[in-house]
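Included below are structure tokens for two forms of one protein chain, each presented in isolation as structure 1 and structure 2.
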Structure 1
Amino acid sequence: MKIAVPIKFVPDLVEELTIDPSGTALDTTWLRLIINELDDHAVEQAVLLKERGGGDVTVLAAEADGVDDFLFTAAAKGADRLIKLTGDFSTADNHALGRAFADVIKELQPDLILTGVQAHNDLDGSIGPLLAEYLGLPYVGYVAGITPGGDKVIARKEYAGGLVAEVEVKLPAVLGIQAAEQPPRYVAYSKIRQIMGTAKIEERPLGALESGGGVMIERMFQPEAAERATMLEGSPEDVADKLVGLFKELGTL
């Protein structure tokens, strides 16, 4: 089975985010980017499928600080091919990324495309459904397990309340991964350094990105701090009495 995994880097929410002078974008001067967590799960799921039934895994990424290190990490985990799209992605939205990934994936002709089901900067839709549309393929999201079988796969899809559905999907298809069947594996840096000496990152230069279809950001604002919390002090019994009193005031009791 040939598997393609397009991944993207997102702002690290641990860092303080600031808005640039234009007021319509984040200031990238000190912005730290990290791998989207659910894309990391998509890479792990792809490697698991390869280990269980054989196959070939290609990981694709758009150019960004730190992308090379992650691609080599993916190779250390078991990815066979690494592709980096080069160009100016500073203003690229998911529509533009989806179109760029679709052009390369059409050349690869994989049986299965796995991507993280969402990211915290998906303002204009998740890449998975957009990619499926550009490729003319079926899409199933919120997948937490995959069982291949010939020209089909069984995707385990999670719903609220602990319900799980098994969806039969004919290949080729795009699946949005919510969680791999095991947490993304740790790879020692010594192994990554070793891979750097043997693995090769293929670079695919891109021209102008077409971003039509995405949302237009007119203005960004920092969240305004406000006092909305009431701290209840005292013994457990006193706190319980105060909570009951508050609930009565609010009309919930």
Structure 2
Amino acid sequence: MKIAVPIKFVPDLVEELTIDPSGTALDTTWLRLIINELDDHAVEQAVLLKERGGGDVTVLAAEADGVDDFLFTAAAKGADRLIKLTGDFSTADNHALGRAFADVIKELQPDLILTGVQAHNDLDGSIGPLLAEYLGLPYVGYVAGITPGGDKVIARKEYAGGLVAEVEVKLPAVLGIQAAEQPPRYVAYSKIRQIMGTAKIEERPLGALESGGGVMIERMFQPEAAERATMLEGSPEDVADKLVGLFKELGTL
């Protein structure tokens, strides 16, 4: 099975996010980008499918800080081809990225395209279903498990409360991954170093990508709490005492 996995880099939420002086975008000065966690699951799921049933995996990414490392990591995990779209993506939204990915993926003629079901900074839609429509393919999201079967796959689609639907999808198709069947594997840095010597990142120059989704941001801000938490101060002992008092007061202890 030929599998393509387009991935997206997103701001690391562990870092403090600040808003730039325009008030409509994140300040990128200190912004650290990391792989969208769900895309990492999509790569893992693709490699699992390859290991079980054969095939090849192509990982595609738009140029960003840290993307090369991620692509080599994917190769160390088992990806066969690495493609990097190069150009200016500073104003590219998901519609623009989806179109760019669609053009390149078309040539690959994959049976299956796996994306993360969302990225935390998606605003003008999500890459998976956009891509599906640009490619004229069916899309099923919230998938946590795939069983291949000829010209179809069974995708396990999650609903609220732990309910799962087994959904049959005709190939080729785009699936939005919620979680791989096992946590993304860890690969030793020595192995990544080794692969850097042999694996090649193919570059596809795209020039400047304009936004295409038609959503304009007028104001970006940090959420204001209706009533922010009362902070319990002091040493761990002090805080533990306060918590025990609270548990007693509320009748759970």
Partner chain sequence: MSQDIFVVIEHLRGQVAEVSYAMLAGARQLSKADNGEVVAVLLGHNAQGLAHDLAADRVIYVDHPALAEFTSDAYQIVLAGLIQEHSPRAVLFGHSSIGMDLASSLSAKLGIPVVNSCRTFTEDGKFVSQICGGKIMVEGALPAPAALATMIPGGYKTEQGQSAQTPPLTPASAAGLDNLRVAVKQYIEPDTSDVDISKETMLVSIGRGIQNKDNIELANELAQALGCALSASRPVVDQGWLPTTRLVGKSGKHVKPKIYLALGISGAPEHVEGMGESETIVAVNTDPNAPIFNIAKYGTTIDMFDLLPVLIDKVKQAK
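Here, rigid core means the biggest group of C-alpha atoms that superpose within 1.5 Å across both forms. Note that the coordinates shown come from a computational prediction; the quantities given were computed from them, not determined experimentally. One-based numbering along structure 1's sequence throughout.
Between the two isolated copies of the chain, the second is the form predicted together with the partner chain.
A movement of the C-alpha atom of Q222 reaching 2 angstroms or beyond is seen between structure 1 and structure 2 when the two forms are aligned on their rigid core. After superposition on the rigid core, the Cα atom of D20 is displaced by 2 Å or more between structure 1 and structure 2. Taking the core as the fixed frame between structure 1 and structure 2, we note the C-alpha of G245 moving 16.0 angstrom.
Fit the two forms on the rigid core and the C-alpha of M231 turns out 6.9 Å off between structure 1 and structure 2.
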